[in-house]
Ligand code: HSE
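Encoded as structure tokens, the following chain is the form predicted alone, with no partner shown.
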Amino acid sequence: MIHIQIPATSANMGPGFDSIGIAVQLYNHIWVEEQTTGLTIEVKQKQAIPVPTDETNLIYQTMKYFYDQKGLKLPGIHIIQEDHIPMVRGLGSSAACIVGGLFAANELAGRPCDKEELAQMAAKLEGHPDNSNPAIFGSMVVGALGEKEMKHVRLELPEDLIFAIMVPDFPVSTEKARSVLPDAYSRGDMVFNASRAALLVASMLTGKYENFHVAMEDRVHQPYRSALIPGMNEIFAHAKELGAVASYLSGAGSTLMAMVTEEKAEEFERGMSEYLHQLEHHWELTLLKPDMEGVKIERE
């Protein structure tokens, strides 16, 4: 049996809409093996949103896509799925299924593809690479879809950087989050985001935390989606008061993310837990280190 571990990812980092994402130490697991015929799916970790156990299951659909692309006959499949990444919360749960399905299919088929080919497939299926890339390569990855292929660069994150994940008790679907975005932006907004995306990458590479509050500013998606996340701007302001070097909306939401240093982590966790407890919605706060390896495969 093949075991695949896939990390949660946080995409749309500040100005890096559809392009910049990171992986964190929260994981989905899948186990896959061939069987004589048909499909059987076991779900070990129940979530608020039911996971399909038929051919509409995203892992299975991705495996079928892989076999179709390679001109191979899909065998009978047995899947065990254990999800710890919250669904529809902006933490890459769909990307984890796609990446897991591709790597599982590649293993069963005798590894006809290398990691780069699988990354290209994942970005194509996702439609953007900012979740799939860090799920595959770990750490922070900057990527862009070209006409023929996706290009990407993996960056090393500073060793003392911690990600404070704030997950509320309500989802925001990607479709809804996309629907509130405008069809066009002004030149000023484009210059604003381009300059900050460049500053974010440079500051992350050099560990210049003092730049992060400016580098994480955005005019493309966060201002429009803030109405979907009650109290978002107030939470960001409080995170800054507690020592966060920056905060941003993770993916399409509803998860909010704050970046803190190890030195400030304990004080931040205590203060933010008290603050979130006072809010109308229930918020789950978890402090996680970045995942530096990406997807992992082992045969059991």
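Residue indices: 1-based, along the sequence shown. Treat the numbers as computed from the prediction; the structure is a model and nothing was measured.
We do not show the form predicted together with L-homoserine, though everything after this point is about it.
ask   = Contact between Asp18 and L-homoserine in the model of the complex at 4.5 Å, heavy atoms?
value = Yes, contact at 4.5 Å.
message = Using a 4.5 angstroms cut-off on non-hydrogen atoms, would Asn133 count as touching L-homoserine in the model of the complex?
response = Flag for Asn133 set to no.
message = Would you classify Ala252 as touching L-homoserine in the model of the complex, given a 4.5 Å non-hydrogen atom cut-off?
response = Yes.
ask   = Counting only non-hydrogen atoms and a 4.5 angstroms cut-off, does Arg178 reach L-homoserine in the model of the complex?
value = Output for Arg178 is yes: heavy atoms within 4.5 Å of L-homoserine.
ask   = Since exactly one of Arg196, Arg89, His128, His152 fits, which has a heavy atom within 4.5 Å of L-homoserine in the model of the complex?
value = By the 4.5 Å criterion, the partner-contacting residue is His128.
query = Which residue, Ser226, Thr174, Ser139, Asn211, has a heavy atom that falls within 4.5 Å of L-homoserine in the model of the complex?
reply = So the residue touching L-homoserine in the model of the complex, by this definition, is Thr174.
Options 21-29, 7-15, 288-296, 275-283; stretch whose heavy atom lies within 4.5 Å of L-homoserine in the model of the complex = Within 4.5 Å of the partner lies stretch 7-15.
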